[in-house]
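Let's start with one chain on its own, the form predicted on its own, as structure tokens.
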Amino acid sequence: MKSFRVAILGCGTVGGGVARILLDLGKQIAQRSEANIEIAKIADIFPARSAQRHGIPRELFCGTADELTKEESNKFIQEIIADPTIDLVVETIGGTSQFLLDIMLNVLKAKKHLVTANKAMLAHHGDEIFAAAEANGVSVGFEASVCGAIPIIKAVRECFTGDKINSVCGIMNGTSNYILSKMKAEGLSFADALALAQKHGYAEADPSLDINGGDAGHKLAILCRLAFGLAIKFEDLSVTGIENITKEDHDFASEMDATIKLICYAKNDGDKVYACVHPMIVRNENLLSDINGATNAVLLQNEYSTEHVLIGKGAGSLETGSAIVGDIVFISKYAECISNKQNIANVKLADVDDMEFPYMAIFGTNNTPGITGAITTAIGAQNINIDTVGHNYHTNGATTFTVTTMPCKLSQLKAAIAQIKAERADILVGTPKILPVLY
């Protein structure tokens, strides 16, 4: 049986999970891969603490000190890259620094396979990374970069190569889903639900990328490339987070038998792809409305095999670690057959303002007679059919109500709001909130 030696860069939550699984499942993994997969070295800045935390033999870590300096850690990383006996490097350091990008590119240039969960790096620098892998005849495994343990990358890249994926729709960030679920179930404010998520370890001390939609956007950008061949730049993707969702918004959604979820949505439309990350009103008949807590779910709509749903844990030490180990096993067995060439199609990212959805617009207004009529008249003037008008909530001299439209372009609804502002500047309090409605 051939030897296949693996090094791990970073032994925090995910890296520790990878090491733990490789140690626990050594015999089974050897049978599945037909190779003796062993941990050659682990480079971590806190080796003693990481060894104790994950139950990993201390001798697997680089260095003898309990804590390494950055210079010492970098020295060991360079030694790993230069070691001809190491076949594959797992990157679980995280971030998008030039320093880390250089490490990843140097791993590939040293003709070592690379496995990573770093969705941000792939979303911003995927072209460089995959080109380096292709040029040097090695592979990049990145199953863990999108929705952790859910095998969505393999499903898109391998399982549906005999089909056409028409749309991707899903909940791809567990932190935001936990927050929104708690807001609805317990009537919490956004701030209180976020604090609860941080208390229970579902949100970082700095939760910015989770709540502003950035993390979900990185994942959607990766899937758009795989599913549609879209040469997408993350900066061009329309991303809106959940920071401005209120308890009252959840009440409005409940009135129409729906709930609010942060949705990653992409749809192929001929030579265009509509893609966005946005809080959406998800009707209760849609199965995504029942995905609560930190769970992730991805719904694929295919041309021939129709609908498929993948549900599971989108994060976690062992959950994400299992996806990385799966890539290690696959690469060790099939590396010669894997291509990292990017299959870019002749499709463009469409303007999100042209995307047709039913929309719910939430209006905050002064408590003045005739407001509802003025707003609905402006909406109708843009050739938008109105589905429902919610009843008014009156608080402290102000009124809040909703207008839900039949399918229309976002640009039409924006034009109606611009008309209201121009003709009745006295009406609106703040900017109306627009949420797509997902059936």
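Position 1 is the first residue in the sequence shown; the rest follow in order. Just so it is clear, the structure is predicted and the values come from calculations on it, not from any experiment.
Below: the form predicted in complex with a further copy of the same chain, not depicted.
- Although the partner is absent from this view, Gly162 contacts a further copy of the same chain in the predicted bound form, with a non-hydrogen atom inside 4.5 angstroms.
- Though the partner is left out of this view, Glu319 does reach within 4.5 Å of a further copy of the same chain in the predicted bound form, counting heavy atoms only.
- Not displayed here, a further copy of the same chain is kept clear of Thr85 by more than 4.5 Å at the level of heavy atoms in the predicted bound form.
- In the predicted bound form, none of the heavy atoms of Gln78 sits within 4.5 Å of a heavy atom of a further copy of the same chain.
- Using a 4.5 angstroms heavy atom cutoff to a further copy of the same chain in the predicted bound form, none of Ala43, Glu128 and Lys233 count as contacting.
- In summary, the region of this chain contacting a further copy of the same chain in the predicted bound form, judged by heavy atoms within 4.5 Å and restricted to 64 to 72, 23 to 31, 408 to 416, 46 to 54, corresponds to 23 to 31.
- Exactly one listed residue, out of Ala185, Met256, Ala110, Ile338, brings a non-hydrogen atom to within 4.5 Å of a further copy of the same chain in the predicted bound form: Ile338.
- Among Val352, Ala197, Val329, Ile263, the residue placing a heavy atom within 4.5 Å of a further copy of the same chain in the predicted bound form is Val329.
- Of the residues in 406 to 439, none comes within 4.5 Å of a further copy of the same chain in the predicted bound form through any heavy atom.
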